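Here we start with a single chain on its own, the form predicted on its own, put down as structure tokens.
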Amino acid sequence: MAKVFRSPARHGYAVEVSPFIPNRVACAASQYYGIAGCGTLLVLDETETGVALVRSWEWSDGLFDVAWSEANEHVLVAGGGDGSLQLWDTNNHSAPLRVAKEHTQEVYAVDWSQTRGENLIVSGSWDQTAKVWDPALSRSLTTLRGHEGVIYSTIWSPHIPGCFASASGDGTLRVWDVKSAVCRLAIPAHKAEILSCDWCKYDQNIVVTGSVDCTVCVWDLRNIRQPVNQMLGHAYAIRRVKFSPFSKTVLASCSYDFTVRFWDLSRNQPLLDTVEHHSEFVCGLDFNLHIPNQVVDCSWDETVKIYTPACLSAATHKREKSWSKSSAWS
């Protein structure tokens, strides 16, 4: 059974589980489906009986993505419809610690670097740029241009320092080198907008994309002529894709078809299950890093749900601890 938090008149765009506190989740939500009105940032704790509100903040525009600090358990960053990034602290009840406003259009993606010895934020915007920031948001360190459409997703590599992937409305997946401020790879991954991408946690060469064309594609960056896997099943655009932190081959996708699907790339028929527990677009999706197979999602139906899908809890997947030792794409 899923545990449910209801956020009346707030439509969920993104969720992320805390890297420090196993039962804590942040959710970025917006009024009026993000088209108008304000935004709300929610911090929630799973309890024995349900989901409790820890903290909430209002913002003057819609909020579209959220990421926890990888260095401070109290701090998180959100991306707004006004082109801003805001730094929030759960110990500070009123205003953000800092607001950075360099993007000229909506910030649709934010991510905090997970690589050891690195403490950076990346943002992706409808202004077609990605920006890399210091952890205090005092200024952007670099602006990366090259996409010819809206940037919907920016995700740091968990393996390679100073490297992130971006997915865009121009149909390309790009891989960037922050130190050199250049695009290392541009993959024409879909013939439609790409709304999401994610890195495999066990292989530095594997990236997944989810597109408006209803397909989930898995790419090996050493050979980008065609995807190594293409999964069909969703009926409408795929809003977010996430690799499991506990299995090299398991991933999840959520969609405007109101479903969340779970896949295992090692199977001939990769679809493990389809979860249909929302009544609107499912926009936010994350795996819990601490609790194997626990998933959090959020939807425009004004709910955040925490659950363990039956297909993953069946203990069919042994935790894979062997990191790939294959050569890198770069």
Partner chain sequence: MGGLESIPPTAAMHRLKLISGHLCPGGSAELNRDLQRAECGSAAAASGRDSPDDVVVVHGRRTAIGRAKRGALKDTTPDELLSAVMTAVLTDVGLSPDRLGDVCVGNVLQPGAGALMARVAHFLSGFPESVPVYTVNRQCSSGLQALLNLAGSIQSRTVDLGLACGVESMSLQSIGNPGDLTSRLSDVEKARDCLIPMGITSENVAERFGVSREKQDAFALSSQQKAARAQSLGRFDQEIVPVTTRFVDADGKQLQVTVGRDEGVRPGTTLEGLAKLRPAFTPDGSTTAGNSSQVSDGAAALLVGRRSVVEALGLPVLGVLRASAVVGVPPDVMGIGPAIAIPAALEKAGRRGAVYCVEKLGIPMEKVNPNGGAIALGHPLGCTGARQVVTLLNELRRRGRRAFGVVSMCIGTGMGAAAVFEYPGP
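Keep in mind that this is a model prediction, so the values were computed, not measured. Numbering follows the first chain given and starts at 1.
The same protein also has a form predicted in complex with the partner chain, omitted here; what follows describes it.
When you look in the model of the complex, the only residue of 185, 224, 120, 212 with a non-hydrogen atom within 4.5 Å of the partner chain is 212. The closest non-hydrogen atom of residue 270 lies beyond 4.5 Å of the partner chain in the model of the complex.
In the model of the complex, residue 112 stays away from the partner chain, with no heavy atom inside 4.5 Å. Remark: residue 75 does not count among the residues lining the partner chain in the model of the complex, judged by a heavy atom distance of 4.5 Å or less. Interface membership of residue 156, defined by any non-hydrogen atom within 4.5 Å of the partner chain in the model of the complex, is ruled out. Shown alone, this chain has one stretch from 244-252, 216-224, 144-152, 90-98 that lies within 4.5 Å of the partner chain in the model of the complex by heavy atoms: 144-152.
Within 4.5 Å of the partner chain in the model of the complex, a heavy atom is found for all three of 59, 105 and 239.
Shown here without the partner chain, the chain has 279, 280, 281 in 269-283 lying with a heavy atom within 4.5 Å of that partner in the model of the complex.
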